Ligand code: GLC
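Quick heads-up: it's one chain on its own, the form predicted alone, in structure tokens.
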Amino acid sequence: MATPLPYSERIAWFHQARFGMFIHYGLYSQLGRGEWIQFQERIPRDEYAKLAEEFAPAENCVDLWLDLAVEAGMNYAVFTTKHHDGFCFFDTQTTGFKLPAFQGGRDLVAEFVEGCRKRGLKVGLYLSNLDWRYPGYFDLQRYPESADACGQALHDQTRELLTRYGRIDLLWYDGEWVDMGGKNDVEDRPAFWRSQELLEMIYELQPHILVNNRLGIDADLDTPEQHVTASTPGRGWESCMTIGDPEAWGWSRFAPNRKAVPDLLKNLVVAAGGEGNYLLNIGPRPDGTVDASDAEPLRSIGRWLETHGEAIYGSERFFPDYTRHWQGGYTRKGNMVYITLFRYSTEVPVPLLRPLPVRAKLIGSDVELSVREGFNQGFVIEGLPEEPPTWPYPVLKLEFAEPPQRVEEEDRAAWIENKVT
């Protein structure tokens, strides 16, 4: 049985990274209605395949994506090597439905991997478990040979991705369900995908790698989608999210519902406070260029991180009650605590935390703030300027003589009459 490297070694870079780019790009981008369009509109296989004949990613599209990731302060990227429509961006031997067959041998996965390494970004590859081109995926009883072939293609494509491009840091599967809730839905999904066998092959080929939990087995990382929810302590996790509508990860031509920069930053801070990562998606246009509606929010986040990144990168798990505190998001590293002020005030009460900090300041400012005792074993940071010094969120940096501890309340009503000692 293949044995990966110790989890603590494999997860170390992931805990430093905290922020990554998800890239959903494919034939569906030409239609501009999201990446599920073939299935949702029941476009026949051969009709959908005609999109490949006109698909022409810009020569520099990968550079555009990854330069943007660097500008945004991201430390890794995950690219959709094959989505549910089955179109592959690498020269797989499992199908002729692939970019190299239509673009003179062009391998966008190779470009992506090389581009990440050139910029010091960790490499993540997304691979869809399922493939809508296989009738057996939808009806196992009627097309059993096709169903087996669908599962085998996943194994073969995984081996190709892990043997052709050197070191891959993260393997991101998606679509462990079978028949998508239809009458033939398979409950034993790991058996259908032969997930344990697949995982052993992965660790044998690249024992340093991280694998997400979408093979129907836990593997290494949890992947909450469109929400930020921490896993249990010690477990790596990553919240994946769109900037726009949650129903469309791929390019949508008209999609006015967009998250504002403060909302995106808040999600990043809350994820970091729970010792998790934030994987934020872009859906490039049909030619692979990035629309301003995706690019500008990421650049704004990057500018904030240039000043405040120490509060995010390498963050350790904070106390659960504080990750979504009413005034701000709490992150920590050793004896340092950072409070990203979602709601700004000239004084910041910090309840139920001891000891008192020995120093408090706003990141980016040389002004030393004062600390006084607060109610019920808390303290108050005073002396903040009348107006927030940075947009959208200033960050308080608190230095303690030792790692701070949350005060446990034996009597949760004692604070009402100030009886806590």
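Because the structure is a prediction, the values reported are computed rather than measured. A residue's number is simply how far along the shown sequence it sits, counting from 1.
Here the subject shifts to the form predicted in complex with the ligand, a form of this protein not shown in this document.
*Contact residue in the predicted complex, chosen from Y126, F318, Y338, F97 - any heavy atom within 4.5 Å of the ligand*: Exactly one listed residue reaches within 4.5 Å, namely Y126.
*So which of Y76, F192, W172, Y137 reaches within 4.5 angstroms of the ligand in the predicted complex, heavy atom to heavy atom?*
It is W172.
*asked:* Given the stretches 253 to 261, 341 to 349, 77 to 85, 270 to 278, which is the single one in contact with the ligand in the predicted complex, using a heavy atom cutoff of 4.5 Å?
replied: Residues of 77 to 85 come within 4.5 Å of the partner.
*Hey, in the predicted complex, is Y165 touching the ligand, heavy atoms inside 4.5 Å?*
Contact check for Y165: no, nothing within 4.5 Å of the ligand in the predicted complex.
*For H24, is any heavy atom within 4.5 Å of the ligand in the predicted complex, or not?*
Contact with the ligand, yes.
*Would R332 count as touching the ligand in the predicted complex under a 4.5 Å heavy atom rule?*
Contact with the ligand, no.
*So in the predicted complex, does F112 come within 4.5 Å of the ligand, heavy atom to heavy atom?*
Residue-level check for F112: no, no contact with the ligand.
*For the stretch 209 to 234, which residues lie within 4.5 Å of the ligand in the predicted complex by non-hydrogen atom distance?*
In sequence order, R214, E225 come within 4.5 Å of the partner.
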